[in-house]
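Given as C-alpha cells, the chain that follows is alone and in the form predicted on its own.
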Amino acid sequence: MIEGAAALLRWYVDQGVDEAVGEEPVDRFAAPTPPPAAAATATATAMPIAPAARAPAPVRAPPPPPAAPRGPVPLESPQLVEDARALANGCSTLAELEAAVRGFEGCALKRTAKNTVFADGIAGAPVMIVGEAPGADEDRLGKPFVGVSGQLMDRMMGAIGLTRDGGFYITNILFWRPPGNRTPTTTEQGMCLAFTRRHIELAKPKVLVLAGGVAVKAVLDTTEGITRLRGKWTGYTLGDGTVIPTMPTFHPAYLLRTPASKRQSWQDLLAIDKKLKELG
C-alpha cells in the first residue's frame, strides 16, 4: 500500500503537479463558521461564573541572562588596526611589506576588490606620491594611477622631468578599491594607513607628495581641507626622526573635474622641482 502511494506521488511530481486542489471552490473572504464545540464554549463563557479563589503564584527570580558568545574578532574592529600596525612594523623591506599587505585579511574591501594595488615605479625614487584609493582601472590592472587621472599625473610629473622609470614612486593609502569608489571609512583608512606609514619609511623619498584631501588628512593627521593646505610645504616625520618635505596638492581626478585649478597644481609642481634641486 505504501509503495503504491509513493509511486503515485512520484507520478504526480513527474507530471508537474505541485499543489493539491479541492473538488469545491473555497470562498476565502467569507467569515468562518465556528464549529459546534467552539460555539458552546463561547456561550458558556458568556454566562457569569463566580470566580474561584486562587492561591497566589510563587514569585520566581528571573533567570540570569545568557553569556555573550565569544567569537572571532569582527572585521574592521580596532584590534585589527593594531594587528595591521604590528604586522607593518615587523617588515624590514618593501618586498616583505608588499607580501604582508597581500596576505592581510582584516580589511573587508579586499573581499570586494579584484586585485591588491600596492605601488608602481621604482622604489628609492626622489619623489613618492600617495593618493587616496584605487579606481576601476587600477583594480582591474593591479597598479595605481593607470586610469585617466593617472595619465594626467604622468603628464604633470613629466613636465618637471620625472617619470615612473626612476623619477617618482606612486601608491595610495588604500590598497583595495572601495565599492563604487565611495570615500573609505575611518577604520578602513586606519588599517591601510598602518601599512602606508611603513611604506613611506621604507621608501625614504626626498620629497613626499600627497594627492587629494583624503590622503592629506590621513597621512598628516589633520582636519584642514586640501584647499587650505595645497601648495604649502610641511614635514612628515619618520620613526627615526627624519623629516621629509611634504607637498599637499590636488588629486588629478579633481583637476579633470575642475580644469581651472590646473594653474595652482602647476605652481605646486614648480615648487617640487625647486625643492628637489635644493636637496641635490
Ligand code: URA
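Numbers for residues come from their place in the sequence shown, where the first is 1. Quick caveat: nothing in here was measured; it's all calculated off a predicted structure.
Just so you know, the form predicted in complex with ligand URA exists too; it's not on screen, but the next bit is about it.
Proximity of V127 to ligand URA in the predicted complex, heavy atoms at 4.5 Å: Contact with ligand URA, no.
Partner contact for G135 in the predicted complex: ligand URA, 4.5 angstroms, heavy atom: It does: once ligand URA is placed as it appears in the predicted complex, G135 has a heavy atom within 4.5 Å of it.
Ligand URA contact at G131 in the predicted complex, heavy atom, 4.5 Å: Output for G131 is yes: heavy atoms within 4.5 Å of ligand URA.
4.5 angstroms heavy atom contact with ligand URA in the predicted complex for S149: Although ligand URA is absent here, S149 would touch it in the predicted complex, with heavy atoms inside 4.5 Å.
Options 178-186, 155-163, 79-87, 135-143; stretch whose heavy atom lies within 4.5 Å of ligand URA in the predicted complex: Selected range: 135-143.
Ligand URA in the predicted complex - contacting residues of 237-251, heavy atom within 4.5 Å: Sequence-ordered list has one entry, H251.
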